[in-house]
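Take a look at this single chain, the form predicted alone, given in structure tokens.
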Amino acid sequence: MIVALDVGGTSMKGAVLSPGLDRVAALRRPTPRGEAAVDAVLETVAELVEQAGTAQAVGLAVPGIVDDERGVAAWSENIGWRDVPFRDLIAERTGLPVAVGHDVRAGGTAEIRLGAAQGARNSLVIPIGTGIAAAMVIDGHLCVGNGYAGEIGHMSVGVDEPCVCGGTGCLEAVASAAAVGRRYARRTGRDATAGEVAALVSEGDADAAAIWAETIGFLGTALAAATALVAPEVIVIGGGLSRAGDLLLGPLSDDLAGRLTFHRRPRLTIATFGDEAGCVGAGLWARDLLERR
């Protein structure tokens, strides 16, 4: 058995997997903030190991800046932790080998090996949830960049909006799922999630349509810049916002195409594994550990 845990900015998704990655058990729970989040991760992994009975390895995917080689969660502005040595902490608690990496690269690993980006030499896998980042495959290699590669969410899209990272105008500040709901509430005085905003767009709500159109423009700006740099054959959209399906992909594809000239035009598609991609990727990392041993 393999234990996999994907720690997102909003929720943690864990699973006990067979060596063939069949799901034997699963759980979801909210992600706390700060030190409470560290304790929650350790307790959740221990719970999954106990459920597995014969677990042989653990894969952990976490957000923010991650030192994959040392297994350290260096920083996450959304959760509020710094320099947490998760690999050592989990290994000491469970006695198992542990793979630790970035949650978006975990989702990218799943989509690249088994999902919507399979077979592409150059691709981007971009979950749009509490935050935004990208897993980048360049000439067949997943780019790690010492933990800093792929932070597309902190690319400026030219708006006067503060970001939790300390910058202004970041894509994540205006186009993440959380930001879509926040901007709709600011415009209308009515609270809504990104999913509810998408539903209101389909119902003809003018305010929701305006927020959605702006969001498409912000995403198009960032994807055009990324396309110019990486020349992806495919861009895979995941995370909570991907549940909007064609309501997102249709106008986003059109917007991106309108920004490109001689560039290779990537195909946009929804992630095969949805918001479970990070958990699947963490399971693949754990299985890789066993195979190397």
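This structure is a prediction, so every number in the text was calculated from the model and none was measured. Position 1 is the first residue in the sequence shown; the rest follow in order. The term rigid core refers to the maximal set of C-alpha atoms that superpose within 1.5 Å between the two forms.
The form predicted together with another copy of the chain exists for this protein as well; it is not shown, and the discussion that follows is about that form.
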query: Residue stretch of 160 to 168, 87 to 95, 183 to 191, 196 to 204 approaching another copy of the chain in the predicted complex, non-hydrogen atom distance within 4.5 Å; finding: 160 to 168
query: Residue among 46, 249, 231, 26 with a heavy atom within 4.5 Å of another copy of the chain in the predicted complex; finding: 231
query: Contact residue in the predicted complex, from 216, 178, 149, 74 (heavy atom within 4.5 Å of another copy of the chain); finding: 149
query: Heavy atom of residue 121 within 4.5 Å of another copy of the chain in the predicted complex; finding: yes
query: Residue 261, heavy atom within 4.5 angstroms of another copy of the chain in the predicted complex; finding: yes
query: Interface membership of residue 42, another copy of the chain in the predicted complex, 4.5 Å heavy atom rule; finding: no
query: Residue 257, heavy atom within 4.5 angstroms of another copy of the chain in the predicted complex; finding: no
query: Any residue of 128 to 146 that, in the predicted complex, places a heavy atom within 4.5 Å of another copy of the chain; finding: 136, 138, 139, 141, 142, 143, 144, 145, 146
query: Rigid core superposition, residue 69 Cα moves 2 angstroms or more between this form and the one not shown; finding: yes
